[in-house]
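Only one chain is shown below, in structure tokens, and it's the form predicted on its own.
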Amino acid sequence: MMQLSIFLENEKGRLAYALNLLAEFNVNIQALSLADTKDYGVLRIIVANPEEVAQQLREHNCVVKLTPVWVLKVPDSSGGLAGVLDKLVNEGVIVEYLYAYVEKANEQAQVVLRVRDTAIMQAAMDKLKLE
């Protein structure tokens, strides 16, 4: 899956501007994460048509990067995420960052992962039969 990373200056109204653009484009945000440094923030979002949305944002002078990520279903219970991460670590997967959301349709927790090596992640996914 491709994630949109939208780079925002740490200035009043920049996050609202980006979110209002997405609303104007009729984009439904499925998941999001916001991280910041002193000078800028990174709004990471999962949407249905990431390439199209990225182009629309660029046309409005937003700095956007498409990043490959993995979305895994994890048990929505105590220790569910820890169990999945333990299996991935045992296969050599290094997680750079993650964020989670709950899918309304079946109330299942989902985790968005950015990993260092996609080939190792793919091998782990195949071996462990993770969704």
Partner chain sequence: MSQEELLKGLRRTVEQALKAPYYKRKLTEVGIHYPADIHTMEDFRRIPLTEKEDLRRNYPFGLFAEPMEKIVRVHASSGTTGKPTVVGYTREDIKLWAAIVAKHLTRAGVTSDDVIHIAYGYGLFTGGMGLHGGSEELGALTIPVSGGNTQRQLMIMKDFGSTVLCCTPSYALYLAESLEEAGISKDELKLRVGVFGAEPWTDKMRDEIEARLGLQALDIYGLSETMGPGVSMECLKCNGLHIDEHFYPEILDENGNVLPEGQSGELVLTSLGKMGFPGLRYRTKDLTRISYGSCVCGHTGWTMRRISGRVDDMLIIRGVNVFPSQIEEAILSVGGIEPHYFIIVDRENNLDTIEVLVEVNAQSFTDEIRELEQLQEKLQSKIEDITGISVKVRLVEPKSIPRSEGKAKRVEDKRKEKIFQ
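Residue numbers count along the first chain shown, from 1. The structure presented is a predicted model; accordingly, all values stated were derived computationally and were not measured.
The next section is about a form of this same protein that is not shown, the form predicted in complex with the partner chain.
(request) Could you tell me which stretch in 23-31, 48-56, 93-101, 76-84 has residues with non-hydrogen atoms within 4.5 Å of the partner chain in the predicted complex? (result) After filtering at 4.5 Å, what remains is 93-101.
(request) Examine Ala124 and determine whether its closest non-hydrogen atom to the partner chain in the predicted complex is within 4.5 angstroms. (result) The answer is no: Ala124 has no heavy atom within 4.5 Å of the partner chain.
(message) Since only the chain is shown here, I'm wondering whether Ala35 would be in contact with the partner chain in the predicted complex (any heavy atom pair within 4.5 Å).
(response) Ala35 belongs to the contact set for the partner chain.
(message) I'd like to check something about Leu72: if you look in the predicted complex, is any of its heavy atoms closer than or equal to 4.5 Å to a heavy atom of the partner chain?
(response) Residue-level check for Leu72: no, no contact with the partner chain.
(request) Determine whether any heavy atom of Val64 comes within 4.5 Å of a heavy atom of the partner chain in the predicted complex, and answer yes or no. (result) Yes, Val64 sits close enough to the partner chain in the predicted complex that at least one of its heavy atoms falls within 4.5 Å.
(message) If you apply a 4.5 angstroms heavy atom cut-off, which residues in 1-18 are near the partner chain in the predicted complex?
(response) Those in contact are Gln3, Ser5, Ile6, Phe7, Leu8, Glu9, Glu11, Arg14.
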